[in-house]
Every structure is written in structure tokens, then in C-alpha cells.
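Quick heads-up: it's one chain on its own, the form predicted alone, in C-alpha cells.
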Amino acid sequence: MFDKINKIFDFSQNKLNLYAKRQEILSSNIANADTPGYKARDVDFKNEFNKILNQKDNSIPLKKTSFKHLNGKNNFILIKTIPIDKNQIKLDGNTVNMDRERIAFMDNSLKYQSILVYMKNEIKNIMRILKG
């Protein structure tokens, strides 16, 4: 039973990490909208999501220096960024399209929040079942 619960939350945690990383990248793009020569980047979400789906336990083991340390999990996933379509290059070489960035930022935020709501409801359901 706990294995299934762990799998549900590990998967959701990995998705949250992916959305959080994408949010950082989109924020960086917005912050550099006026930086000459800045090349906008994004996450190939489909590719990264497939990595999460196919993830096996190939994590890097954490080193324990005391017997009191807990067995931790390392859910670190290397997220690869890709350059965004270069059709709209400004005269100064900047490729940030603010309309695209704002829409992607809002879309990403909503997806992040929806996963949080899902996890919150799952925890509530588990608590309800445990209480009987």
C-alpha cells in the first residue's frame, strides 16, 4: 500500500520539479527581454516528461556519514533546455517574445497549481481513509 502511495507522490513531485524548473527558465526569459543578444530558452516538456515516466531508480545514492541519517531519496532529474523558435529575432539579436513568454508563464503556473491541488486532495483522501 505504501509503495503505491510513494509512487503517486514521487511522480507528482517530479512533475512539480519540472514545472518549477520551467518557471525559472521562463522568468529568466522575461527578465532578459531587453538584454541585447539574449537567446530565449524553454524546456522540451514532452521529452522531459517522458524521462520522468521512464525513470528507473538510477539516482545517485546519498552518502550517510552517521548512522542517525535517514535513507533519503534523490529525485534529481537533469532538465535539458532548448532554444525557442528564432523566427522573431529583434535587431539587437534578442529572441524573447513577451507575448509567448507571458502565456507560457501563466499556463505553467496553472499546471503547477493544479498538481498541488491534486496532491492536497490525495492527502485528504488518505487521511479520511485512515480515520475510517
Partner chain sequence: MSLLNIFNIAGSAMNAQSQKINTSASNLANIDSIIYKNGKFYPYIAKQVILEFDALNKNSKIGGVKVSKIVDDPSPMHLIYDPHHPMADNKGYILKSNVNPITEMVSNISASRNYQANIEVLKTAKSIILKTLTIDE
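Everything numeric in this text was worked out from a predicted model, so none of it was measured. Positions refer to the first chain, counted from 1.
If you look for the form predicted together with its partner chain, you will not find it shown, but the lines that follow are about it.
Asker: Is its partner chain close enough to Asn32, Thr35 and Arg41 in the model of the complex that each of the three has a heavy atom within 4.5 Å of it?
Answerer: Yes, the whole candidate spot contacts its partner chain.
Asker: Answer with yes or no whether Lys21 is in contact with its partner chain in the model of the complex, where contact means some heavy atom within 4.5 Å.
Answerer: Yes - in the model of the complex, heavy atoms of Lys21 and its partner chain come within 4.5 Å of each other.
Asker: Would Gln55 count as touching its partner chain in the model of the complex under a 4.5 Å heavy atom rule?
Answerer: Residue-level check for Gln55: no, no contact with its partner chain.
Asker: Examine Asn50 and determine whether its closest non-hydrogen atom to its partner chain in the model of the complex is within 4.5 angstroms.
Answerer: Output for Asn50 is no: heavy atoms all beyond 4.5 Å of its partner chain.
Asker: Can you tell me whether Ile103 touches its partner chain? I mean in the model of the complex, with a 4.5 angstroms heavy atom cut-off.
Answerer: Taking the distances in the model of the complex, the answer for Ile103 is no, it never comes within 4.5 Å of its partner chain.
Asker: Hey, which residues along 107-124 are within 4.5 angstroms of its partner chain in the model of the complex, non-hydrogen atoms only?
Answerer: Sequence-ordered list: Ser109, Tyr112, Gln113, Leu116, Met119, Lys120, Ile123.
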